[in-house]
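Given next, in structure tokens, is a single chain: the form predicted on its own.
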């Protein structure tokens, strides 16, 4: 996959990736996905997204070659590769903060390295390809259990951990009301995972009817189209006895709709790092002393949000990139036991060679698309 500028991607032949460090591995991709956050790159919303980049941070594959220092993998292993690129040795990795690795991204001081996510996340080539170089191969890649469907495994690289951590960071308690903004794959998975923590209500807010219907069926939650509400914040206050939700989760990020000023300044004029509409609604909809969890993608330099309300309401904000490696043992167990069905999110399977059309379908919300898996021609 080759990025040629906003709304333009194509496939092309490139040289095979090579081992550049003794801890590298070369992986032949068997499954790769288009993530909602890839659309931020596709739409030109992420700084330093360079022409020629290869996107893709959700992929599985067969280990084809390993560097001389790799101990935990062997050639032929079928692995799922977390989207975080983490060294496993720095202070942050030792705390389980694999999304904040201090060694994998020399381009920024905030986020760690991420496959295929611009030079602000390290400039690594991503998994929407036939082969990928995987740094720190002893840390991230995890051998897929033999009884696990590869379609389940590929969603354990990002969607499931991010959705689960979104709920986890919310500190959900028994009887809570949880509101999730965004009915994309992450929002739907966050709604499904929220039930693990015992809330009495899970509510999803979006503006696309087919996504809301999918969320209702998959996550067994309440759904509302904000376009049918005069004021989403007022509605959420009213439906919670005027207290507000106990937990609000932003699964939208920088391309949120619903506020003209935010859309103009954040998505048209690019005067801020995307439209902060969902985050604004989350802050204003949560109760005093409540928790706002953020997994939606925002970039530098800043966003217009009501920080005064955060202070005056005593809100706790928790946010991060998902620490996939930390969560994998628990989530693999949830999948194997049948408590989670990741592959149930997949609506489209498209050859990698048709990536331009795949991006168009997902970006334009055509054909009731929820989640797209791309299949390389060199798959196992």
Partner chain sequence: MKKEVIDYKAIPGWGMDADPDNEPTYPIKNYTGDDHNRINYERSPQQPVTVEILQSNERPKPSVVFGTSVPPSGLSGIIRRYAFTHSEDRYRHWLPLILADRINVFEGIIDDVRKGHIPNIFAEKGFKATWKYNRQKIVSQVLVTSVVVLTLFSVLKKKK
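Keep in mind that this is a model prediction, so the values were computed, not measured. Residue numbers count along the first chain shown, from 1.
Not on display, but discussed next: the form predicted in complex with its partner chain.
Partner contacts here mean any heavy atom within 4.5 Å of its partner chain in the predicted bound form, and among 315 to 323, 335 to 343, 58 to 66, 25 to 33 they occur only in 315 to 323. Shown alone here, residue 138 lies farther than 4.5 Å from its partner chain in the predicted bound form, counting heavy atoms only. None of the heavy atoms of residue 162 is located within 4.5 Å of its partner chain in the predicted bound form. Among residues of the shown chain, residue 133 is one whose heavy atoms approach its partner chain to within 4.5 Å in the predicted bound form. Taking the partner from elsewhere, residue 370 is found to have every heavy atom lying beyond 4.5 Å of its partner chain in the predicted bound form. A single residue from the set 75, 310, 234, 108 has any heavy atom within 4.5 angstroms of its partner chain in the predicted bound form; that residue is 108. Exactly one listed residue, out of 173, 216, 201, 89, brings a non-hydrogen atom to within 4.5 Å of its partner chain in the predicted bound form: 89.
The three marked residues, 53, 119 and 168, each reach its partner chain in the predicted bound form, with a heavy atom inside 4.5 Å.
Counting a residue when any of its non-hydrogen atoms is within 4.5 Å of its partner chain in the predicted bound form, the hits in 1 to 18 run 4, 5, 6, 7, 8, 9, 10.
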